[in-house]
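Taking the form predicted alone, here's one chain by itself in structure tokens.
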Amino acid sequence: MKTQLCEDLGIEFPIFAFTHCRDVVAAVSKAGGFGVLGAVGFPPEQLELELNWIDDHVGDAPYGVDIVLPSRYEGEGEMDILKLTENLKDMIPPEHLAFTSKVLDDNGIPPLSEDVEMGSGLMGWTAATATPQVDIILEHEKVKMVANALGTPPPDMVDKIHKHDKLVAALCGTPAQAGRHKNAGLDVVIAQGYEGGGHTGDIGSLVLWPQVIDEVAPVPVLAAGGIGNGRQMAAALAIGAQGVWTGSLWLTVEEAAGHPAQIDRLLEAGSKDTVRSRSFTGKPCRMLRNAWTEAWENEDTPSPLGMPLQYMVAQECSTRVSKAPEVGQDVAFNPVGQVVGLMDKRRRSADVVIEMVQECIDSYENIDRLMSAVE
């Protein structure tokens, strides 16, 4: 089951697996799909270690890396990380920090001990942090594609990636965004519908996918947003996508690095238990609804700040939850799509790949039976 994009990347199945876990990346790529490591949150030194590990465990299979460089963000233009961090800290109102502490205290999340250092919260959501990541990514031959999760990458970054013989991809939530990706010379456009986990737009997948495919043709499109099985994969391919970009379903596989309490919460959740909220990242992001998201929705509470300021505000939450994950899930950041309602058991990543492929084939055979029944 190959599309032209599969042929170009040297993979067997058109299944692209976005994950922050290196074990999942290696497992999916070795099973014939295309694992994609989410680099946001990894300092350059740690990212180098992660990619070296994947290189050593993926065999001859290729994989990709996803960065997060928004088209617009607070502090845009400043490339000195230390200066940028200090400038952004000065922009955070004290009441936002105080409200964060109150929400955590009210929900019984233990305070941090004095020996715990809390990071700045400035993740790879700026050019100052994403550019060093890209420089490291380009040193790894087995990385065949670099994707940007938010917006069209800058022209100089696109050129740099292309000079290293790697494909450039980017996610979009509207046909207009997809058109900008095409005009910038990107090789792959990922159309992510409203149902998806993480940062999403306002258009549902089945409406968005054909619009984007028509907008950017002949540039290949990956369908994203709400895909968790082979039947949905068959639908995406039938519409004209050259593959599926999946993310949420890898959060509960056996190789996933999540804490057991987090994985249990995901397995128990239904599709109606998610919400698009700006409360963690500053941009609309689909995640599990909990006490944290609800607290930021109240009219008498501070409004979430823009990216990356809001995650700097939420850093205390992430740090305190990481020290007490069993009791912290009521406020934890759990980005996941509506497909969480289909995630009810743990499976090996390789089994997920094979089951999706087989179910996709079965779906096309079922269509043939349905059509031949009326001839």
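In case it trips you up, residue 1 is the first one in the sequence shown, and so on. The structure presented is a predicted model; accordingly, all values stated were derived computationally and were not measured.
Beyond what is shown, the protein has a form predicted together with a small molecule; the following relates to that form.
The small molecule is not drawn, but in the predicted complex it has a heavy atom within 4.5 Å of residue 337. Taking non-hydrogen atoms only, residue 251 approaches the small molecule to within 4.5 angstroms in the predicted complex. At a distance threshold of 4.5 angstroms between non-hydrogen atoms, residue 233 is out of contact with the small molecule in the predicted complex. In the predicted complex, residue 171 approaches the small molecule with a heavy atom inside 4.5 Å.
The stretch that touches the small molecule in the predicted complex, counting heavy atoms within 4.5 Å, is 189 to 197, out of 189 to 197, 299 to 307, 87 to 95, 157 to 165. The partner is absent here; in the predicted complex, the one residue of 27, 317, 312, 68 having a heavy atom within 4.5 Å of the small molecule is 68.
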